[in-house]
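The chain below stands alone, shown as structure tokens; this is the form predicted alone.
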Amino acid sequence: MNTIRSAFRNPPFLTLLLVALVWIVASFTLRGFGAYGHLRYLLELAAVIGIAAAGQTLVILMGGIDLSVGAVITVTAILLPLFSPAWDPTGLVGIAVALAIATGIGLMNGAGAAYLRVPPIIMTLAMATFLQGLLVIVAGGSAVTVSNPAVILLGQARPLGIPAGIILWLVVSIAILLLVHRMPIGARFLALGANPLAARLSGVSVTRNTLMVHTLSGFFAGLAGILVLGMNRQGYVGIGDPYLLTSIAAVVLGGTSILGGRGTYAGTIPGAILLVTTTALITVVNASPGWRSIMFGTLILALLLVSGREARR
């Protein structure tokens, strides 16, 4: 009985249970919703949010928020086709350059937060604003078509019937879970998020860990940008905008404290799936974008209230 009671007090479990209930009900009430192809498509869409939210989870665990995620996704999707040289038939050089740029942006975010003492939310907001202006100058309103074979393969390949994006998300998920829960660095992230002063007094470097979480966030946002580019076959200004709030919402829906120090990527995974599923259901009933935002906000607020209540116990 105590095990069952504790399970229902576990935010990641509650989010996963809610996803399962929604899928079961929708499969019986909406024709075609429960088909394997449709559920696979939902997971493929959730993979982009989940990968972008991987770095966001780390930043939030340390008590920050990365508001540059959407801009970094857009930067990657636009610049990668421009840095894919004709002499590289594999397309891996373009991917490496794009990831290096995204990682470098994350590093600059971390440097601003660590050395200049700019709050992460302000630093990343300023970076996002700068990048958006730069992209308008570079790309204007035109879309950039991708011809990079590796990117196209990532977005379109289905080994054993499973989209490559889902496989990539699985790899990222395992890596993040091991990082947070099985490696000393994960414990340092959680310690700094829970009590920065106590962590500093115990010898944990705020500067080094701040640099690391933001650098990782930039890397995973870049990885999500490559996946988005492969799935859409083109990049354009604003392509990453929808993933800013959804990357934060997935983390919050998964039970990670927005104040840091408590949470797990195991909750972010069903959080991303829940967001995509909700979007699909709203699309089926032809709800307007306004109602979509209202429902997202209601979901996030409800789970915030639940997690806040559990934290006070």
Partner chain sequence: MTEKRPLLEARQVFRGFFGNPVLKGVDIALLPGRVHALLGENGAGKSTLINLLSGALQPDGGSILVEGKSVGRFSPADARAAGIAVVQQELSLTASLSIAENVGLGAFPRRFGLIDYRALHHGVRDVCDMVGLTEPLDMPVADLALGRRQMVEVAKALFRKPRVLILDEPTSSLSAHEAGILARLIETLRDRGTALLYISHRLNEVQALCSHVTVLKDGVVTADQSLSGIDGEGLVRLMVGRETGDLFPPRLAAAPGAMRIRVEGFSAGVVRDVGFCARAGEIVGIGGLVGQGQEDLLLGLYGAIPAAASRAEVSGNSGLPANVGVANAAGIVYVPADRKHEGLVMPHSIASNLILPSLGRLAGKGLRDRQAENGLVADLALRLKIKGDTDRQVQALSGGNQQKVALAKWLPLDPSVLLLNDPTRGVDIETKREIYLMLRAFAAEGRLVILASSDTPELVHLCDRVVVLREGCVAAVLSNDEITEGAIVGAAMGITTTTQGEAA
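Positions refer to the first chain, counted from 1. Predicted, not measured: the structure shown is a model, and the values here were computed from it.
Quick note: we don't show the form predicted together with its partner chain, though the next part is all about it.
Asks: Any of the heavy atoms of Ser147 lying within 4.5 Å of its partner chain in the predicted complex?
Replies: Heavy-atom contact with its partner chain at 4.5 Å: absent for Ser147.
Asks: Does at least one non-hydrogen atom of Met183 fall within 4.5 angstroms of its partner chain in the predicted complex?
Replies: Yes - in the predicted complex, heavy atoms of Met183 and its partner chain come within 4.5 Å of each other.
Asks: At the 4.5 Å heavy atom threshold, is Ala198 in contact with its partner chain in the predicted complex?
Replies: Judged by the heavy-atom cut-off of 4.5 Å, Ala198 is in contact with its partner chain in the predicted complex.
Asks: Any chance Pro89 has a heavy atom within 4.5 Å of its partner chain in the predicted complex?
Replies: No, Pro89 is distant from the partner.
Asks: Which pick from Leu107, Ala194, Val93, Ile167 sits with a heavy atom within 4.5 Å of its partner chain in the predicted complex?
Replies: Exactly one listed residue reaches within 4.5 Å, namely Ala194.
Asks: Can you pick the one in Met212, Val172, Ile101, Leu190 that has a heavy atom within 4.5 Å of its partner chain in the predicted complex?
Replies: By the 4.5 Å heavy-atom cutoff, the listed residue in contact is Leu190.
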